[in-house]
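Let us start with two forms of the same protein chain, each given on its own as structure tokens and named structure 1 and structure 2.
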Structure 1
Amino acid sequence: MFGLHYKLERKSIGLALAIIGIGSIGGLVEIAPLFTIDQTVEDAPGMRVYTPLELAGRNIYVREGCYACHSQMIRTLRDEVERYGPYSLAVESKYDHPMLWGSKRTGPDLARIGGKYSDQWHVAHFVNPREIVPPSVMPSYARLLRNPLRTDDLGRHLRAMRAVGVPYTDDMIANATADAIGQATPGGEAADGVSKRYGEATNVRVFDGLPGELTEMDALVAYLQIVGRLTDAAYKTAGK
């Protein structure tokens, strides 16, 4: 009796193994080469990492589910390039854990939104999208202006990002909270630290129009203003 059971059991496990074997190969063949792709993909030597404030903004973008309606991936099609800007390169999202390429454009693509509108435009649009774009179906995000930004744990966020391969330095991790505040508080010592660690070109200003208050709106606008601008590789490719 035991022997029979054993044989039957082996057969169902055999079926299971066959399913795993046959099922996993397709994915493996397509995905494995992508992990060696950095040998062939475009190079972007000047590419910088997200500042703590921008990362916090990105996390708000994720939290609010913006990716459900906005893509961040301009395809290599003429109309897309003319509508949104140079097509997206693989290298541009190499620090994006996770990527936010999206799958649906209920609203427009945002891959080149950085620098396209002013901070004031963004804040006004978030508070009441239909005041700026009457037919818009975007929800109002006025509450982001009321929510203070949580900054005390940003160092741990940066450390987790480093663990998955983003080159944050010890200095950046140690100063994460100060840098988040500094990026939205121009003129002070903290602001200089941001420029020192993340480069002179980093946006340092009061993003939400409320000096002295660090809100979630600051973070989200800071993030949007850098989307597509961590490197200019796409513009160089387009210029060629």
Structure 2
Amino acid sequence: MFGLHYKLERKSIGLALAIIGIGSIGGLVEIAPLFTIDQTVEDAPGMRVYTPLELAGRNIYVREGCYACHSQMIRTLRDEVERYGPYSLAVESKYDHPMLWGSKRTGPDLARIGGKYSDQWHVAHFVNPREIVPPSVMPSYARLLRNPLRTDDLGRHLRAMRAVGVPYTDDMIANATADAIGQATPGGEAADGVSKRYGEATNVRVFDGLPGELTEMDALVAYLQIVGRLTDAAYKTAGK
């Protein structure tokens, strides 16, 4: 029964070469598609980047481990599309570093969560998940309402994203702190700058329901409200 195995172990060079050969198969399967990446990633010329506030919210999402229970990738299966919306496209993760596709779904997929619920719904859900969804096992994140959002380092975050290919301009980087504050302060002069740099359709409002205070809850809700909405390419594809 173990004869072949024993023979292979006695021929260490052959065994090593066999391991390398078999391992190379997996490597080729992963690497080969990258040579045609320009043909496989969809074109989305109107796609915008995350605002500083949304990027801060994404960082909080990662920090709190939300990706461990929520995926952000809808597969091309009929039941998934019917439940969550158009299946995910590669281009939708173009500016995500790291990507948050995931595979664990203790909670629902969030790839199309942007605009699905109100800001008030999200805040109430974070404060007491079971008040909104009784069977939920999600922990409370009420502390985010008490945590002031750090904004002085947002320019460095944008600069780091630009280093890996996200097209943030010098103007965006220079105004990162002001834009984060302005996005959660409608009617102010800073809010006009956000719309100018990121587009008129950018969400500008008090996300956490607490005017005059910029909290981590503001950032997290702002991020969730744009997930799946940086481009409408998936909806155009679904409409074909």
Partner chain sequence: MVAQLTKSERQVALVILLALTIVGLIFAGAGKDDPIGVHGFLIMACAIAAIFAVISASAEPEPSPERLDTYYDDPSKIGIVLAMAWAAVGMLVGFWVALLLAFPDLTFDAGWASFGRLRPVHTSGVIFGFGGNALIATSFYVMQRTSRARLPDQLSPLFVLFGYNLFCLLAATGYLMGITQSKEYAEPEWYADIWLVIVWVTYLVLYLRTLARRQEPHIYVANWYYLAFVLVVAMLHIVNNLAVPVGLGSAKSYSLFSGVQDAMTQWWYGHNAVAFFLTAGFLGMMYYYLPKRAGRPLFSYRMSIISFWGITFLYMWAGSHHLHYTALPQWVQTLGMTFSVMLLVPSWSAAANALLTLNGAWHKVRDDATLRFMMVAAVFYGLTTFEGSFLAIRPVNALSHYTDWTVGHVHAGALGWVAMITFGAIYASVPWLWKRDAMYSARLVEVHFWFAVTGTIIYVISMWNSGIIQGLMWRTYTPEGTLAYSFVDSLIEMHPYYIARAIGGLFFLIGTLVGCYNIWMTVRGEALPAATEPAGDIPAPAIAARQPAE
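Rigid core: the largest C-alpha set superposing within 1.5 Å between the two forms. Residue numbering: structure 1 sequence, from 1. This is a predicted model, so every value here is computed, not measured.
S.K.: Any idea which of the pair is the form predicted in complex with the partner chain?
M.R.: It is structure 1; that copy is the form predicted in complex with the partner chain.
S.K.: Please determine whether the C-alpha atom of Ile31 is displaced by 2 Å or more between the two structures following superposition on the rigid core.
M.R.: Shift of 2 Å or more: yes.
S.K.: Rigid core superposed, Ile20 Cα shift between the two structures in Å?
M.R.: Ile20 C-alpha displacement between the two structures, core-aligned: 7.0 Å.
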